[in-house]
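Form predicted on its own, single chain, as structure tokens, below.
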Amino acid sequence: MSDGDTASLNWYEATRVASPARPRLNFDADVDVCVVGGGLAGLTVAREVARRGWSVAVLEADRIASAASGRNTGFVLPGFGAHIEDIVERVGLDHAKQLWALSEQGLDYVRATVAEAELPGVDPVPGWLHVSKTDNDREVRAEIERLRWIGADVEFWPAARVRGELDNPRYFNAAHFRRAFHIHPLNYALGLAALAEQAGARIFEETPALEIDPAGVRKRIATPGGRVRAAHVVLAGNVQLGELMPRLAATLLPITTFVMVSEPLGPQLDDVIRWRGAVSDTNRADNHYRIVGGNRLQWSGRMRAWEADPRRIGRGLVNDIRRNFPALGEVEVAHLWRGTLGRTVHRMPQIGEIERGLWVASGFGGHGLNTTAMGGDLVARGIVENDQTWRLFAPYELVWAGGRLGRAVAQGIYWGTRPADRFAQALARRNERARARKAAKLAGRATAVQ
């Protein structure tokens, strides 16, 4: 089943705002900047270039945000896919602080764009809880202190507070990121496209870039119906660039995750999941969820290194919900789809000029909603204003992702770590029950003595 086949099952498509169909390119065009890819990164580049008075054309092989930009979980989070300790180890503390600040700027860009333009149907909801399934208060507090030192706005939630919001005895403490939020990503992308066009950008759908000649001052991009000449070309097509730029696409590991939205749930939803922000209870691809449509549960997970049929994954997602929230009762799937993101080996985005006049904005991994905004803005500033801030990402060069072997290794790591995680979680719950029995026994003895 292709992504096109699953579009009818996509909750975002079912609840999208009205938007016009854009034409195919059927003539030769001459612009300052040509953006290849009509996802969030490409649309941000187009908007920011056009706002600065330069001419820009966007070439999208399908429809706007038809790939990961319009199919993700909708979580707008600070940070990057790479762990903050790995970033500090690679680039140093001061450099890491600058990178974190840029990630926060990306988050602010999305929030400001939605609010100032009053984008319809985006519906931002504040807060993100990163929940632990093991009783590790000391480790989580230490992690939060490190994040605060870097510049994050994050607070510690003890198990009692977490369970007061999420009725799950498997849950212990959590890190609450107060400035994070979640949105309808497709409606945000459609709104961003409209803003880019208002600023003067031209967007062409169903217009794949077939060939790029990057030589010379004016680059040439061939499409089925016409050619584009531009001083600058921005490659923002992520894993979809395989045939056009195979060497660049080879630096990305395609990771497919699956998302479902339930049928409307009864009053038990409010009793079981009182928190209305976003929730993640793992560092991996499983169990990222939120409430949408007032009384539906959106749940994502079950990573694959290939494009598996979503219908084969849906049962596993429902089982994950039942395991965590049995009190919800029967959960029926109303919408089910997949999305494929591009993850770099170092888990940091690819941002900057790779050849004179040839730019990349890609590899945003699992933090795309903030980093596409930040990366798109940095590239636009680099092109029009010669701003060099994008060079902060220079330590994260293009690295081959390993091809089929890389995919197999990634899948093996994902499958191999799940049993160890579940063992640690079961041990934490057993220890908690043992402490509770011991406390009850001591309380009983104290009562008898009195």
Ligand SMILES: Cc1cc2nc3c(=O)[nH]c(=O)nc-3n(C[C@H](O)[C@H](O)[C@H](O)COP(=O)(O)OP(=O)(O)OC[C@H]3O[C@@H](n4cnc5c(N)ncnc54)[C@H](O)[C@@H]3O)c2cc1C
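The numbering used is simple: start at 1 and walk along the sequence shown. Just so it is clear, the structure is predicted and the values come from calculations on it, not from any experiment.
Quick note: we don't show the form predicted in complex with the named molecule, though the next part is all about it.
Of the stretches 327-335, 376-384, 191-199, 255-263, only 255-263 has residues with a heavy atom within 4.5 Å of the named molecule in the predicted complex. With the partner omitted here, the residue from 241, 99, 233, 180 that has a non-hydrogen atom within 4.5 angstroms of the named molecule in the predicted complex is 241. A heavy atom within 4.5 Å of the named molecule in the predicted complex is found for exactly one of 121, 226, 365, 314: 365. In the predicted complex, at least one heavy atom of residue 72 sits within 4.5 Å of a heavy atom of the named molecule.
The named molecule is not shown here, but in the predicted complex it comes within 4.5 Å of a heavy atom of residue 207. Although the partner is absent from this view, residue 237 contacts the named molecule in the predicted complex, with a non-hydrogen atom inside 4.5 angstroms.
The named molecule in the predicted complex is not approached by residue 310, whose heavy atoms all lie more than 4.5 angstroms from it. Although the named molecule is not shown here, in the predicted complex the stretch 321-342 places heavy atoms of 339, 340, 341 within 4.5 Å of it, in sequence order.
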